[in-house]
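A single chain, nothing else alongside it, follows as structure tokens in the form predicted on its own.
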Amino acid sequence: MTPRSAQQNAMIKDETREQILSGALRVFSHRGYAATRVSDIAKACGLSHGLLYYYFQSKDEIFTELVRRAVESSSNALLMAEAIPAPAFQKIEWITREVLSNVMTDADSAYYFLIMTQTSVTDVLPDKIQAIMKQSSVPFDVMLRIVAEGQIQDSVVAGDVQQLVTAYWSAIQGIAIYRIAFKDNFQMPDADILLRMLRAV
């Protein structure tokens, strides 16, 4: 048998790490942070305890990585949308369609919404996770600015910006949770339904 190259070993290591994170994402989503044990994650991934500990030292390290990814990906996506040289409502439309598409086609995306919702109301978290969560308001804050810009451009409905954005993100989170709850029986709402919440008549 030909020995594996360093590149092949690195690829296998990365794939196993992603397998652990994806499995852990579902376990944390269903059991919550406090009730989840390393043995639960290992079982969900079909791995031994020893192999899991080779990649992560603890469940805290796994959960921290999941929260970091969720915060960074959502923040980067919203900041990128804000930087697009386009009218405000086009940015809102792009964000809405992109988020709904991800929730529908990428199961992990919906689970990330769920664990971020859980994490935001959990008070028993390691300091490192609490520090990361301080950055989790970036998507909300970016949307506040885009909606306010849209009101100036008369493309977004008049009203309290904070309330409008709260309603918008609450709808998105609810859709993500329904995606998990109803699985194959879930029907994704058309993006235009959400966009009508914000579009000026």
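Each residue number is its position in the shown sequence, starting from 1. Since the structure is predicted, the reported quantities are computational estimates derived from the model, not experimental observations.
Although it is not shown, the form predicted together with a further copy of the same chain is what the next lines describe.
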Report whether all of 73, 94 and 142 sit within 4.5 Å of a further copy of the same chain in the predicted bound form, measuring from non-hydrogen atoms. no
Residue within 4.5 Å of a further copy of the same chain in the predicted bound form by heavy atom, from 162, 153, 39, 58, is 162
TL;DR on 73-81, 86-94, 101-109, 121-129: the one with heavy atoms within 4.5 Å of a further copy of the same chain in the predicted bound form is 121-129
Since only the chain is shown here, I'm wondering whether residue 51 would be in contact with a further copy of the same chain in the predicted bound form (any heavy atom pair within 4.5 Å). no
Examine residue 157 and determine whether its closest non-hydrogen atom to a further copy of the same chain in the predicted bound form is within 4.5 angstroms. yes
Check residue 43 for me: does it contact a further copy of the same chain in the predicted bound form (non-hydrogen atoms, 4.5 angstroms)? no
4.5 Å heavy atom contact, residue 173 and a further copy of the same chain in the predicted bound form: yes
Sequence-ordered list of residues in 25-54 near a further copy of the same chain in the predicted bound form, where near means a heavy atom within 4.5 Å: 29, 30, 31, 34, 35, 37
